[in-house]
Structures are given as structure tokens and as C-alpha cells.
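The form predicted on its own is given below as one chain in C-alpha cells.
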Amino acid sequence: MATATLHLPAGAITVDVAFREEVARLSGQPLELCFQCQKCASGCYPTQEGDYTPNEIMRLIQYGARDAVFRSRTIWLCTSCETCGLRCPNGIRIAEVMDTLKQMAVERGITPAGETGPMFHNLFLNEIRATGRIHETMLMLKYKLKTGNLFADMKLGWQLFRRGKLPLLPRLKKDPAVRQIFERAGGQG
């Protein structure tokens, strides 16, 4: 792995020249086509809470700034809504890139300090793997128990429950296609 150090006003960043190729290969996306038009950023709601916009993540990948990307909150806030990919004039599916970055970070045991996004990501995937779908109430219960933050959203949770958005009983209908997806992924994700 060839590395170098890139000195920027914000500080030095370790550059991994093979990082871009690895992300491109694993995501299947043409990262070199991103020319920083920022159309992806204009439609990205989670950007308000993140530390980088999607186009900035793309630029960091192009520079090979592996550590900066993996420490980023942005990759964990991405909901894979595909708005960025639909707006991209070069057809780069940035949500695929973000999912790939999440998986790479998980495989390396890297999570941003104090972030619960990686834990939620794993709980979400494990719920889908186990039941073939998401039971929001169970997912939130597991998340709240793991974080220890049981009562922070109590008012919102009660409102969602009253509106029927958090059902007590799941609609269990196992879908064999979901199992096949996880098998094809080779246990990844």
C-alpha cells in the first residue's frame, strides 16, 4: 500500500493511492467521472448534520484520503435515498459508494468517535437478515437498549405509536429473496 502525506490548511492527511481504486472496484462506480458539480450536495438532506457533502466525500476518495473518509459522520448519515445519484450528470450512484464505504469501515473496525450510526447500520442489517423485513418498533427498541438512551425520543415515539407508525406486532412474511441476497453478498453487510 503506497501512502503519502497531503498537507492542507486544516492539517495533514495520509493519502492511500490505492484507496480510490478499491472503492471504485467494490462499489462498481466510475469515481473518476465526478467533476464536483455539487448537484449531489444540493439534494442531500443528511448533509446538514454531516461533516462533508457527498461531493466532498467523492473528492476525498479521489485524493485517497482514506482515514478522513472513514472517520467521517457523513457516510453513516447517508440513507441511500438515491437523490444524489439521480442528480449526478455522470450517473455515479453515490449511495452505492456510501454503502461500500460503510462496509469497508465495518470490516476494518473503524467508527467515528461517539457515533451510533455504525451500530444502527448493523442492527438494521441484522433485522433484515433475521426476518426479511424491518419491524420498526423492534429495531428502535434494540437501538435504544444498546445506546442506553431510552427516553430521549419518548414524546415522538408515543406520537408515532398513536398514529400506527410503530406497530407492536410485526408483519412476519419471510422472503427467500432476502436470504439469497445475503448469501450472494457472501455474508457481507
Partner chain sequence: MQYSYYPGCSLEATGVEYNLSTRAVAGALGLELVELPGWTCCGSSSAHAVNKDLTLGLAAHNIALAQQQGRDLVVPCSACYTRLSKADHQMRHDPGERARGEMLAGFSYTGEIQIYSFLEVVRVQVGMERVAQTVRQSLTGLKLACYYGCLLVRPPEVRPFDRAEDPTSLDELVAALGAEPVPWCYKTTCCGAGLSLTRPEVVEQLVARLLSAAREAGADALVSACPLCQNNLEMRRPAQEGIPVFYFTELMGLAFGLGEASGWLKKHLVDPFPLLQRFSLVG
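Numbering follows the first chain given and starts at 1. Keep in mind the model is a prediction, meaning the values are calculated, not measured. Rigid core: the largest C-alpha set superposing within 1.5 Å between the two forms.
In what follows, reference is made to the form predicted in complex with its partner chain, a form of this protein that is not presented.
Student: Mind checking whether each of 116, 121 and 128 has a heavy atom within 4.5 Å of its partner chain in the predicted complex?
Tutor: Spot residues vs its partner chain: full contact, yes.
Student: Give a yes or no for residue 15: in the predicted complex, does one of its heavy atoms lie within 4.5 Å of a heavy atom belonging to its partner chain?
Tutor: Flag for residue 15 set to no.
Student: Determine whether any heavy atom of residue 160 comes within 4.5 Å of a heavy atom of its partner chain in the predicted complex, and answer yes or no.
Tutor: Heavy-atom contact with its partner chain at 4.5 Å: present for residue 160.
Student: Using a 4.5 angstroms cut-off on non-hydrogen atoms, would residue 59 count as touching its partner chain in the predicted complex?
Tutor: No, no contact at 4.5 Å.
Student: Contact between residue 90 and its partner chain in the predicted complex at 4.5 Å, heavy atoms?
Tutor: Contact with its partner chain, no.
Student: Even though the chain is shown alone, can you say which residues of 81 to 100 have a heavy atom within 4.5 Å of its partner chain in the predicted complex?
Tutor: Counting only heavy atoms within 4.5 Å of its partner chain in the predicted complex, the contacting residues of 81 to 100 are 81, 82, 83, 86, 87, 93, 96, 99.
Student: Superposing on the rigid core, do we see a C-alpha displacement of 2 Å or more at residue 135 between the shown form and the other one?
Tutor: Yes, the C-alpha position differs by at least 2 Å between the shown form and the other one.
Student: Rigid core fitted, then: does residue 50 show a CA shift of 2 angstroms or greater between the shown form and the other one?
Tutor: No, its C-alpha moves less than 2 Å.
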